[in-house]
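Below you'll find only one chain, the form predicted on its own, shown as structure tokens.
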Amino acid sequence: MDVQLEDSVLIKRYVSGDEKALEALIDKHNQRLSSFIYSKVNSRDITEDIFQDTFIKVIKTLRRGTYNEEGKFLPWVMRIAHNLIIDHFRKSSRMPMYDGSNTFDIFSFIGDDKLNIEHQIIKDQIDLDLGVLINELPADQRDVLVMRIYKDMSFKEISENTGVSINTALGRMRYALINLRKIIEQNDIVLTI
């Protein structure tokens, strides 16, 4: 099977029953994905385990027919691997777990304490992911959240800045956090450090 074929063609062939297409897909991305995983875990055995787990998830998704081909196969696979790396660190207790409580505060675990390189990599990815998620919020909620969290403005300042009451600003912040939580849960996103 020609590994030079487009990912979308290989995926269609695999879904249609051509097992060789999956082999070609794995061969095509093996080096890049393995290097990415190894750069985070520094262990050949763990790299191999995470690589295999990644493609098990890929296969399950493809067989279920829930993969949405948008020409983004490799970023999708890298994201699966990234989540499995986070799971690995969490299970091996090399990374503190985020203890979710009834009150959702996604920012409570993003601190400036001394982070080792693994934590810094994960924190950087969380910051990127969070930026993308925040951009999905309605503009009024996004503005209040950005002013409160990133600009450290009081609700009184936000109220004055946006021309709404303090209660409206508080409500928008509350809805922003509720909607962020929904987006995270719907997309099965792991945000932890």
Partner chain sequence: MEKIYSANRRKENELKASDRTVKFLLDYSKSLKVTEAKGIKFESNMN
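Just so we're clear, the structure is a prediction, and the values are computed from it rather than from any experiment. Numbering follows the first chain given and starts at 1.
Not pictured, yet referred to below: the form predicted together with the partner chain.
Heavy atoms within 4.5 Å of the partner chain in the predicted complex belong, among the stretches 144 to 152, 125 to 133, 47 to 55, 157 to 165, to residues of 47 to 55. Of the heavy atoms in residue 19, some are within 4.5 Å of the partner chain in the predicted complex. The closest heavy atom approach of residue 35 to the partner chain in the predicted complex falls within 4.5 Å. In the predicted complex, at least one heavy atom of residue 26 sits within 4.5 Å of the partner chain. Within 4.5 Å of some heavy atom of the partner chain in the predicted complex lies at least one heavy atom of residue 31.
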